[in-house]
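Let's start with one chain on its own, the form predicted on its own, as structure tokens.
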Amino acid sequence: MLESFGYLAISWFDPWLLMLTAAGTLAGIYVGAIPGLSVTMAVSILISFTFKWSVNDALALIAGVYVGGVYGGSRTAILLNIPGAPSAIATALDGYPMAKRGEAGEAVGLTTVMSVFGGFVGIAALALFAPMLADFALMFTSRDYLLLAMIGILLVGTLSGESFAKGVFAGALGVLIGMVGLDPMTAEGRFTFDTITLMGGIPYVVAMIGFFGVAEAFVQLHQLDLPAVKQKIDRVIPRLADVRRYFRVAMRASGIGTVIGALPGTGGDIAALLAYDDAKRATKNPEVPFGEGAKEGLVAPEAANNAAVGGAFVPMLTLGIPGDAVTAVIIGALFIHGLKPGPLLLVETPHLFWFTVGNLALANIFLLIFGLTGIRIFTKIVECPKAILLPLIIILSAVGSYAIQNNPVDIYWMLLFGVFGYFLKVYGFQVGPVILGVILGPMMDSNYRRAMIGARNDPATFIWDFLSHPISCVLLIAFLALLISQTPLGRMAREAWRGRRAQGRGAG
């Protein structure tokens, strides 16, 4: 026990490791805040500088960048309605309306505290339940991933705004965009029209930047004469009463984030969207409606996507399977340093496990410090005159789109999606379901086909597999319950139940 604690505290008492973790966290916040410059890209570039470093130095810097980068995406999501990363899409839904009301400082402060809270829950799960969580994650099959994606796609009902039909249309459009490119199983072109440019598909980050950032800039052109909203930054640190009030939401979201993060191939973006949907269903009477600046809508996705960081390390450290793209890159770094991630890692190099746990905790503390400072400077961005701010958004979006794969075609896609997103917004369509479809569409497609191959293309076996396996059966029941709750029948059942409950109270 004492030996484990000693490994855990290595980076806490070494000034050089402290400095590397702090520098990585600060850099991660700013890299994550720039749309298109992903955490995966930052970690990939960093690894090339750490080939000759000791493994502790390399992991300290990488852990800081990872934790800071996941959080950094929320800054531009709140201030400019441009999510810095896909995991911050749900944050923009309620964060940006708060900034428009002059509450950007409070939104960033609450986001920071809840991100750190979620981060610590994920780290605690990593430290206490890593082997158990890893075994549980390995029990998920392709049909379970299919059900998870189908549960996620039901978020269309949450993100649709006033019209469910328009939300379904936007979600289907996103699925269509996600299908463009070569078929991952047969390598046949889908919607490529025999052009080489479309064979690689359309990066969903480019679509995200276009639909959120550029479209919003075009919409703001109608309001050039309006003065900039003065931001209230007299209170950045959330009130204790607020922390208590949103504790349950943060705890549920952190649990969702940890489990989803531990599932190989998922990550913080899906965790944040599922947690947002869960918070919307669980919160009966928010102070402000969701989509108009509800604080629960900020707390849930931010707690979930940071909890997913700890979850993603679970299969990586215990099984050698990456939880997301960043941990896949980190596995490469471990191999470069002569280590072999997998079941024997904990046996042969137990210090590495506890060093990573301690380092992630340290990065979260630095995240709290850096996240609560410099907010005044960040909020000044929102107060810029629109004549300066809007061109800045377009330039930032173009740089971010180009940086993804150094391809100028991505800038054209970004502008096209921006113009299309502008018309969608003008005619009352929400762009959130579009991005949801782009992310979850390919996930549903590939896992459906894997599940069908597993059933030897026999529809009866395919359906029986859902009923005969416990995890699939539970997920299927959850999916059907959520689906029915969105139909008129579900709404009638809820109203009838509330009526009986009210009568029971009156009689009591």
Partner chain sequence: MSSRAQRRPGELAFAVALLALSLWLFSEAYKISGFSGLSTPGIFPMLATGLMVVCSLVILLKALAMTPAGGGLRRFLADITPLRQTVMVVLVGLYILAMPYLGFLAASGVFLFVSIQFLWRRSPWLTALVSLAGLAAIHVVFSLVFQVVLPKGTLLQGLF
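Since we're looking at a predicted model, the values are computed, not measured. If you superpose the two forms and keep the largest set of C-alpha atoms that fall within 1.5 Å, you have the rigid core. Positions refer to the first chain, counted from 1.
Separately, the form predicted together with its partner chain exists; it is not shown, and the next lines address it.
*Asks:* Determine whether any heavy atom of Trp464 comes within 4.5 Å of a heavy atom of its partner chain in the predicted complex, and answer yes or no.
*Replies:* Taking the distances in the predicted complex, the answer for Trp464 is no, it never comes within 4.5 Å of its partner chain.
*Asks:* So, in the predicted complex, is Ile477 in contact with its partner chain at a 4.5 angstroms heavy atom limit?
*Replies:* No, Ile477 sits far enough from its partner chain in the predicted complex that none of its heavy atoms falls within 4.5 Å.
*Asks:* Mark Gly332 yes when one of its heavy atoms lies within 4.5 Å of a heavy atom of its partner chain in the predicted complex, and no otherwise.
*Replies:* Contact check for Gly332: no, nothing within 4.5 Å of its partner chain in the predicted complex.
*Asks:* Going by a heavy atom distance of 4.5 Å, is Lys166 a contact of its partner chain in the predicted complex?
*Replies:* Contact with its partner chain, yes.
*Asks:* May I ask you to choose, among Ile439, Ala33, Leu46, Leu59, the residue with a heavy atom within 4.5 Å of its partner chain in the predicted complex?
*Replies:* None of the others qualify; the residue that does is Leu46.
*Asks:* From the list Ala282, Ile369, Ile237, Val419, which entry has a heavy atom within 4.5 Å of its partner chain in the predicted complex?
*Replies:* Only one option qualifies, and that one is Val419.
*Asks:* Choose from 91-99, 308-316, 349-357, 393-401 the stretch whose residues reach within 4.5 Å of its partner chain in the predicted complex, heavy atoms counted.
*Replies:* Checking each option against the 4.5 Å cut-off leaves 393-401.
*Asks:* Between its partner chain and Phe5, Lys340 and Ile484, in the predicted complex, does every residue show a non-hydrogen atom at 4.5 Å or closer?
*Replies:* Not one of the three qualifies.
*Asks:* Is any part of 457-479 within 4.5 angstroms of its partner chain in the predicted complex by a non-hydrogen atom, and which residues would that be?
*Replies:* In sequence order, Asn457, Pro459 come within 4.5 Å of the partner.
*Asks:* For Gly171, decide whether the Cα shift between the shown form and the other one is 2 Å or greater, given a superposition on the rigid core.
*Replies:* Comparing the forms between the shown form and the other one, which are aligned on their rigid core, Gly171 does shift its C-alpha by 2 Å or more.
*Asks:* Once the core is aligned, does Pro408 move its Cα by at least 2 Å between the shown form and the other one?
*Replies:* Pro408: C-alpha displaced by 2 Å or more between the shown form and the other one.
*Asks:* With both forms fit on the core, is the shift of the CA atom of Phe429 between the shown form and the other one 2 Å or larger?
*Replies:* Yes, its C-alpha moves 2 Å or more.
*Asks:* So the C-alpha spacing of Pro86 and Thr186 changes by 3 Å or more in the predicted complex; is that change toward closer or farther than shown?
*Replies:* They are farther apart; the C-alpha distance rises by 3 Å or more in the predicted complex.
*Asks:* Closer or farther: how do the Cα atoms of Phe423 and Glu292 compare in the predicted complex relative to this form, given a change of at least 3 Å?
*Replies:* Farther: Phe423 and Glu292 separate by 3 Å or more in the predicted complex.
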